[in-house]
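The form predicted alone is given below as one chain in structure tokens.
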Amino acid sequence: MANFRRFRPGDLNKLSKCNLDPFTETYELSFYLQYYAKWPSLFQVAEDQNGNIIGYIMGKLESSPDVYQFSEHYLPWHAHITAVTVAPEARRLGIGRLLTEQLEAAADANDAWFVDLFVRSTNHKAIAFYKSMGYSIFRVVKDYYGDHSSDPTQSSEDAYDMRKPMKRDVKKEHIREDGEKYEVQPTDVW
């Protein structure tokens, strides 16, 4: 099985097995290190018995800047999953679920209202996975991705902003059942 632990800077050279999926976003090295520096407890890896990274999750805790608190797009204190991915040979073993549950536990421990994430609207497997974990579509972010994962003739792709309420959101104020009907522009999300 896998060993779960916090990310370490030396892991950067071991992420490539996980990042080969066309649905997985790959970032510049400084981006990974920024998450490590700011939110180390929300950057976890799964490694196999040989020390290979076979999955990881990067997350953060944040809210929208106060200047936007009266905007309809304002986000209160919440956790955000920036990336979660599992190497192809390690999929269907529950690694993604365990990584996500660890981040959700940290969100609850930090009194977050919800956990959110963005997923490509064509990534049906990931959408089904998140729904099985209690996430729902909150809104559609039009043309969020600057490329299209499966159609090279298209220049962009929509994202679903999916959310799962945490313990703090007793009244379920930060989710909605018909999120597919709410469309926003990338400039509306922070």
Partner chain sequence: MAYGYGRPALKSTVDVQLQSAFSDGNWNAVVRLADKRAKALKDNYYEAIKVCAESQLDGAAERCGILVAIEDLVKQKTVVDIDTLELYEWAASDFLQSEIEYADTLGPLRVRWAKANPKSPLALQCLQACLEYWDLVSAQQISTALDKAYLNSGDRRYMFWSITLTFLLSISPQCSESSRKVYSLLVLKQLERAAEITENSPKMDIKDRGLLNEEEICLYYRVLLVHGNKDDYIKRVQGNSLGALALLRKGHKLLFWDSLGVLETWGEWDLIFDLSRQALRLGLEGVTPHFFVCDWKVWKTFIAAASKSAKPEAALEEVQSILQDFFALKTKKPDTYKKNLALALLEASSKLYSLSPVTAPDVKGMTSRVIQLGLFLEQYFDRLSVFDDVKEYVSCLSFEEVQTLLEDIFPSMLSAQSDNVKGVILGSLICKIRYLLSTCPQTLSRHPSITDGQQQAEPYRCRVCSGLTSLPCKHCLKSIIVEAIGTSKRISADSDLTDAIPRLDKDPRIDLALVIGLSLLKLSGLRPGALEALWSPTRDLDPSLFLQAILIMDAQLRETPSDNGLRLILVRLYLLLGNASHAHQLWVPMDVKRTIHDALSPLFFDRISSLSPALFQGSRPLMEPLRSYYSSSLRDQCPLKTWEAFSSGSYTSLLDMVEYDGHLQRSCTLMMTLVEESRATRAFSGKTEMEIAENPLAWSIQDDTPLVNKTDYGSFSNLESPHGPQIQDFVRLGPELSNERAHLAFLSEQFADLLSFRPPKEYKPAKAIEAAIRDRNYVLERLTHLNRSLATFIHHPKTPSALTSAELGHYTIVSLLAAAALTSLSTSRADPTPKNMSLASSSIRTTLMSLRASSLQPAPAHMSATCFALTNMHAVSYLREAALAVKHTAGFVLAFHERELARDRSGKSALQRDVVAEMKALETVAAKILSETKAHLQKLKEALGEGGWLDRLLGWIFGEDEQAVDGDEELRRAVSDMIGGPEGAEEWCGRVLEGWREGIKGWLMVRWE
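For clarity, a rigid core is taken as the largest C-alpha set superposing within 1.5 Å between two forms. None of the values given here were measured: they were computed from a predicted structure. Numbering follows the first chain given and starts at 1.
Same protein, other form: the form predicted together with its partner chain, not shown, and the subject of what follows.
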Looking at Gly146, Pro65, Pro40, Gly134, which is the one with a non-hydrogen atom within 4.5 Å of its partner chain in the predicted complex? Pro40
Triple contact flag Val140, Met162 and Val170 to its partner chain in the predicted complex, non-hydrogen atom at 4.5 angstroms: no
If we define contact as a non-hydrogen atom of the residue within 4.5 angstroms of the partner, is Ala128 a contact of its partner chain in the predicted complex? no
Would you check, heavy atoms only and a 4.5 Å threshold, whether Gln69 touches its partner chain in the predicted complex? no
So in the predicted complex, is its partner chain close enough to Leu15 to count as touching (4.5 Å, heavy atoms)? yes
Using 4.5 Å between non-hydrogen atoms, is Leu61 touching its partner chain in the predicted complex? no
Relative to its partner chain in the predicted complex, which residues of 3-18 have a heavy atom no more than 4.5 Å away? Asn3, Phe4, Arg5, Arg6, Arg8, Pro9, Gly10, Leu12, Asn13, Lys14, Leu15, Ser16, Lys17
Would you tell me if Leu15 moves between the shown form and the other one by 2 Å or more at its C-alpha, with the rigid core held superposed? yes
